[in-house]
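The form predicted on its own is given below as one chain in structure tokens.
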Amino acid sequence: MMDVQVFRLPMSGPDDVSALANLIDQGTVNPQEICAIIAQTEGDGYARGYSALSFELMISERTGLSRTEIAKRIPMLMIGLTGGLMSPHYTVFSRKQVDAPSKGEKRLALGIKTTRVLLPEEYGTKTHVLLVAEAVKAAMVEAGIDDVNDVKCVEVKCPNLTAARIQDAKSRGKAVVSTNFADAGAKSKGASALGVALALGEISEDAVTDQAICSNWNLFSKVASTSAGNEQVACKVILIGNSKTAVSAFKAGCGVMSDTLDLSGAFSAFKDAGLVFNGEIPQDQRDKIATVFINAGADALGSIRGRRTTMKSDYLAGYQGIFAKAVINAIVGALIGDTMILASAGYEHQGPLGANLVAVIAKAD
């Protein structure tokens, strides 16, 4: 049986991994069992890389494995750029097999897979979609999940184009999806989300074409959260769900906020994770929350419920993703009394346009 533990820990800076180091030194966390880290870091891609390096070095020291081995063994999804009340933090997952009787209900399970290295010309294409779909299906098997409805969140970190990668493709006579890095990153995220949707039966393969990626917004996944990074060369998949073959003390849930003001959609995610409440979430139920992941989609549209916004047109439009994350962080933070919530911006086939995808992990009764 699979036993998954969850630890949500604060960061005082991009390089602060002391909270996890302390748990390891105290014997609370076995570093050999750490299987994934998802972090809300501050700063740009360099800060994200600094955070990942800090984790790799610390865990390397405590396991005796090389930093390179740690990087290959533990997917580290670093989500940067915090704004508003967002509090930098990270969630650590540990996993082991135990000889224990079933809990009598489905409990938290993880499946972790990485695609092969993608060629630059494959980023944001149907080939990219199919590779992610294959990895998601394999992750379901690893997690012991046979019902797609038990998949509550799929986090994917995918590669983005760089000048060197564009040149590499050109040197082989190949064309990339776009020489604009922002557009290329959007298509990489979109292809990853469609890969999740395809694997879970949310869309059909016939609907997936190169032209449909970041164009046909009727295609989407309700559980995919994707992020692109220059540091990636393959797609790293962390699948979170519930399985009858797991005996974790936790349970995962999910929900869709049709827009950023849809509180009922947020409440549905917490209830799906097992919290019991009517109206406001009471403190005893809040105390059960282990971590919350939100894919923020407010920056997909220039309006909400008929009201115009300037998120996409103001002179700060280049930071619209940060605004989208900050707003949903504050709204859901008010519901649970805590802003240590991971929010990732990116609407590319990640839910209906303007929606927010909410995933919750909570202690089970």
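Please read these numbers as outputs of a predicted model, since none were measured by experiment. Numbering starts at 1 and runs along the sequence shown.
One more form of this protein exists, namely the form predicted together with a further copy of the same chain; it is left out here, but the text below deals with it.
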For V148, is any heavy atom within 4.5 Å of a further copy of the same chain in the predicted bound form, or not? no
At 4.5 Å between heavy atoms, is G265 in contact with a further copy of the same chain in the predicted bound form? no
Does at least one non-hydrogen atom of Q32 fall within 4.5 angstroms of a further copy of the same chain in the predicted bound form? no
Looking in the predicted bound form, any heavy atom of V327 within 4.5 Å of a further copy of the same chain? yes
All three of E61, A298 and T309 touching a further copy of the same chain in the predicted bound form at 4.5 Å, heavy atom to heavy atom? yes
I need to confirm a contact call. Of T115, S243, T260, S248, which residue comes within 4.5 Å of a further copy of the same chain in the predicted bound form, counting heavy atoms only? T260
Would you mind checking 75 to 92 for residues with a heavy atom within 4.5 Å of a further copy of the same chain in the predicted bound form? L81, T82, G83, G84, L85, M86, S87, P88
